[in-house]
Every structure is written in C-alpha cells, then in structure tokens.
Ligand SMILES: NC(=O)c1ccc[n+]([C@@H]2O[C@H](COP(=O)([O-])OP(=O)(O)OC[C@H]3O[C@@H](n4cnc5c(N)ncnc54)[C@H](O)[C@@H]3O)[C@@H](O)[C@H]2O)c1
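Given next, in structure tokens, is a single chain: the form predicted on its own.
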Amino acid sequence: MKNKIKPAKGKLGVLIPGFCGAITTTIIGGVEGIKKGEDKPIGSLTQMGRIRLGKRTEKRCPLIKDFVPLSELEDLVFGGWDIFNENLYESAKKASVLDRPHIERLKKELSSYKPMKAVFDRKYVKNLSGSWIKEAKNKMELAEMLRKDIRDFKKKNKLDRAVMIWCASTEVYIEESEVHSSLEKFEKGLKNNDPLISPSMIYAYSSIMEGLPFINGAPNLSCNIPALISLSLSKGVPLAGADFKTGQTLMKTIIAPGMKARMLGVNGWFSTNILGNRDGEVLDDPDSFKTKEVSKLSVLESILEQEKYPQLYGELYHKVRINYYPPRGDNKESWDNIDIFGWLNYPMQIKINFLCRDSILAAPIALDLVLFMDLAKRAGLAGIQEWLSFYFKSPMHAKEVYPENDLFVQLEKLENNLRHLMGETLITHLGKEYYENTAA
C-alpha cells in the first residue's frame, strides 16, 4: 500500500462552509500563528502525536507527520462560504475565542480572508439569518454554483487538491427518507426543491461531484445517506463524520469504557451544558437541538452494550440538556452526574465539571481530519472512513455493523490503519510470552 500513496505535492485547498464562525477563525488563526513560529499545535495528533512501530524492544516511535506523507501546514490554502460578509479579523473579534492581543498579532493574515456567498435556508437553521446568500430557482442550481466556486478557487490558487469540511451550524433534525435512497432520486429532489434535502447535503453533493473528500463536523444527516455514499464510492471520494467530539462527549468516551472494563454498573448519567456562542444560539431551537441530542445520546449505548450486560446497564437512564447562556461565549461548561454501583450493588457517584473552550478543542480535530482525509484520497480510499471515528460523536459506519465509540479502540483503529497504509506490522498488544511461544 505504501507505494500506492500519491505524494503530498503542491497546495492543498481547505474549503469550509461556516467560514466566519468561531471554529474556522480559530483553525485559520492557529495555523497562521504556527506557521509564523508563534504558536504550538497542541491537541493535534498529526502535528504532535507519535506512533509505535514494531515490537516495544525496537523503540521505534516516530512523529505521525514523519511517518505518513501528510501535507505541510505551509501548503494549506483556506477558503469557504458564510452567510455573513466580513473578513476573518472582524469575525475573530466577534467570536472572542482567541484573546484580543492574539487576534491583533494575526490581523494582517486574518483580514485577507473573506467568504463566498453561502447556500443557506433559514428553515433548516431557524435562529440564524444573514444576507450573504446565493439565490437560484432550485437546489440543483445552487449545487452547480458551489461546484463552480470550487473550480474557480482551485484555479485561482493553483491548487493540486482540496478537501471540504463542514464547520457551519447544526441543522434541524431530518430522518433518512426515500429521496435519499439513490443518486437518481436525490438529483431529482435537488431539481424539485425537495424539503428533505438540506444545505449541508447540497455542499456534500457538490464536494463529492468535484472529487473533494467531505468531512461533516456537525450532527446533520448530511453525507450519511445512501445516495451520497454510493456517489462517493463511484467517484473515489472519502467521507467522514459526524459531529466533532470535543467537550462533554469526549469525557464520556474516556470514562464509560473504564466503567465497562472494570464491570462497574451505571444506573444513570445526567449531562447538562451551558454555552453562549453561535452554536448555543442555534441549539436553542428545539428542532436543531434534537439533531444534537440524538448524536450525544448514541454514545453511551454503543459503548456500554446494554443488551450484553443487562445487569450492569439495562436500567441506564441517560439525559442530555444544552442551555443557551450568552455571557459564557465560546467557553462552554458542562456538568455530569453519574450514578454507578459496584461490589454487592453498593451505590457510588461521579461528578464532572468541565470548563472547556469549544473551538479550541475543535480546531485541532478539524486540522487532523483535513490532513488525514487528503491522505485517504491520495491512498485511493473511498466512501466511509471508519478509521477516523476517533474524532466524532456519532461516527459514520457501515450499515451492517454498530458504531465504535470507545475512544481507546478508536485510537487503536486509527493507528493500525496508518500502519497498514505504510506497510508496517499491525500492533495487537500481545505479550512477550506469546511471541516467544509462537517463535518456538
């Protein structure tokens, strides 16, 4: 496989729906600061992580970026779409993720970025409105406009390749329906303005048609429909999603595997959040919240496997709440109360108060996904990239299998995929005694 990976030559475009939002300004501001040598890529597996190769006795543990052929940060070219027509310097000041001195340091770089007009319909994100929006007679025409934007952006910036990553808002809840079942029906739906085709689906369709890997950073149905999955396979395009795993859900995928590993029971898990950025405003709408709720609720059930361990998790009560609280801005706070029980059924409790910065956690995730998805495309991979489940709350997966949400299993899967791509032996973590006995 190693010899089949095309080299990461030339410029890599990063096209982002939600270009003026908190996550995007944090990603681009961070990359610009890192390129100048003023900031560190903390939280990024591709930039700071190491991977073990071979036996422990070999002591081979290179940086991931030195092991697999990833694009350099200097070769990234950012662009995208937004409903607000402002440069990223102004957007960063409004988002208030980076502090003011930090933003002023990056004023020249951030001021040079401006968005293209977005595909947007307030029916799908009820608490937002903007004027920088494309107009067309149907959704197919909107898709064609996006495809032209992609081609023009690649030509203008002399790009060799590009990736699209959704960093825009959570849309209202949509269930998979007949219009999503085949490419023919989906394209007919685009021409007929079918209400079950949301803006994120139009972006995903346009990305795949232009050969760009598509990453869904929100819990929207988006590319996770048969029509677009089959299109991605026929076009040789990788897909990944959904919903960046940042704050509270990250904690769940760390703690829940530990409970199950020690066979400790869980009666209840109550989670509540406050946040005040644009994400909080969007999620204040019940229809958008339902999309997020389904994503957040699915994690525990798949990790704890209630059907296999009914005595430990069969009565699990799991509740999630998100509250919009403007004064908090991007500094999200979450509280978890976990009612557990142990030996002889004696009750115990775990309390977690996580004060996190949502976009600070999301930015390195987005960067890693862009670089890994570009690698996947150059390696000839297509369709759902389950090995990138590590980064998502509700990871896409093949219909015939359940999703893997255990963070540690996800990391092992990611690392073994990289080893496979580079022709290295997969790590099984079998002990020294096994190797001695099998050698004999």
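Keep in mind that this is a model prediction, so the values were computed, not measured. In case it trips you up, residue 1 is the first one in the sequence shown, and so on.
Missing here is the form predicted in complex with the named molecule; even so, the following discussion is about that form.
- Shown alone here, Asp368 lies farther than 4.5 Å from the named molecule in the predicted complex, counting heavy atoms only.
- By the criterion of a heavy atom within 4.5 Å, Ser359 is counted among the residues contacting the named molecule in the predicted complex.
- Residue contact with the named molecule in the predicted complex: Ala22 places a heavy atom within 4.5 Å of it.
- In the predicted complex, the named molecule lies farther than 4.5 Å from every heavy atom of Pro213.
- Phe120 is the sole member of Phe186, Tyr113, Phe120, Tyr313 with a non-hydrogen atom within 4.5 Å of the named molecule in the predicted complex.
- The listed set Ala92, Met164, Leu239, Cys167 contains one residue whose heavy atoms approach the named molecule in the predicted complex to within 4.5 Å, identified as Cys167.
- Stretch-level contact analysis of 173-181, 265-273, 333-341, 199-207 against the named molecule in the predicted complex, using heavy atoms and a 4.5 Å limit, identifies 199-207.
- Residues are counted as partner-facing when one of their heavy atoms sits within 4.5 Å of the named molecule in the predicted complex; in 81-114 these are Trp81, Asp82, Ile83, Phe84, in sequence order.
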